[in-house]
Ligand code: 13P
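Take a look at this single chain, the form predicted on its own, given in structure tokens.
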Amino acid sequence: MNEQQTSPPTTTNISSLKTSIRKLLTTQNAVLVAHYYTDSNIQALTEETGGCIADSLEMARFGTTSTASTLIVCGVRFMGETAKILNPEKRILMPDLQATCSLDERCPSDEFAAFCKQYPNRTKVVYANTSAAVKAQADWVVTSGIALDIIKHLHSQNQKILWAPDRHLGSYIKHVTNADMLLWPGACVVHEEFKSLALKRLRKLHPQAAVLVHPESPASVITQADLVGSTTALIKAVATLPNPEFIVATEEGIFWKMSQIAPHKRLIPAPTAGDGATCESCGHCPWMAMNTLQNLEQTLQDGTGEIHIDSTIREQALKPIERMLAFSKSQ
């Protein structure tokens, strides 16, 4: 962990950093594209400067419509790569190129290629949380917000599916659709830690609370949900459901947007604590936390953190992403 993360900025420094970043964004014709899981200061600044705070699907869409020549992607590396795949003419910067994703890390492109060779007649569907090199091997790329609809579509055509990399999301979709799916054995280090027994106890303490669960969570947690959905779906639920309280099983960065749109609702982190745990809920992605105002400013000042992708891989990865975007427009 670097110094910027161990020494959080003061209120005065936050104001100064935001002022500096605003000026740099203007002079460089740049715009911020941030995920719901990033730090609240980054989300606030993104909104204040006309950028985009969204899930990975909307982040991808925004980049293709923005007139900015530079996109600053605040999230994890696969999001920056997706932005570059869709916008090769634009400069794509990230505050920290080391901000990766456990799902991406657990699905190396060479191992995925070997897996695919074993099942040549299956339709290859990969989650957005994968590298450009893995996407380049896929027939479809999906996000949590559209994965269920796409698998339903493929299942209606009697297609057999090879799914990677999140086994919990894949298992949930397989259960809902009854599609023939072979699942890669990956998992998100955050969502996999939500504990079902602790959740049952928490629900008893908060009987009026609705349980909102991201489908990357284990099945034992998903079965207790009042609503299972993408980050966008969970945010909408807080605003539309009548419950005064919500137990939320996803990365806690999402609470900033939830609190903004429903300030009168109480948000309770779903428990991750098990035997020997030192916190009741540790639902934080360490790589999302690598996005800070300090390194965001530094990136804009010196141009570090630029995303580059081999042109052949980019062209191959573009096809399944465009297929997903075209499908989403038809819905």
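All residue numbers refer to positions in the sequence shown, first residue = 1. All figures in this text were calculated on a predicted structure; none of them were measured in a lab.
The same protein also has a form predicted together with the ligand, omitted here; what follows describes it.
Asker: To verify the annotation, which of these, N291, T299, T46, S56, has a non-hydrogen atom within 4.5 Å of the ligand in the predicted bound form?
Answerer: Only one option qualifies, and that one is S56.
Asker: Which pick from K84, H168, K135, H191 sits with a heavy atom within 4.5 Å of the ligand in the predicted bound form?
Answerer: Checked against the cut-off, the match is H191.
Asker: Quick check on S230: any heavy atom within 4.5 Å of the ligand in the predicted bound form?
Answerer: Yes, S230 sits close enough to the ligand in the predicted bound form that at least one of its heavy atoms falls within 4.5 Å.
Asker: For S144, is any heavy atom within 4.5 Å of the ligand in the predicted bound form, or not?
Answerer: Heavy-atom contact with the ligand at 4.5 Å: present for S144.
Asker: Does the ligand get within 4.5 angstroms of any non-hydrogen atom of S131 in the predicted bound form?
Answerer: Outside the cut-off, so no.
Asker: Of 23 to 31, 48 to 56, 64 to 72, 263 to 271, which is the one stretch near the ligand in the predicted bound form, taking non-hydrogen atoms within 4.5 angstroms as near?
Answerer: Selected range: 48 to 56.
Asker: Using a 4.5 Å cut-off on heavy atoms, which residues of 152 to 180 contact the ligand in the predicted bound form?
Answerer: Residues within 4.5 Å: none in this stretch.
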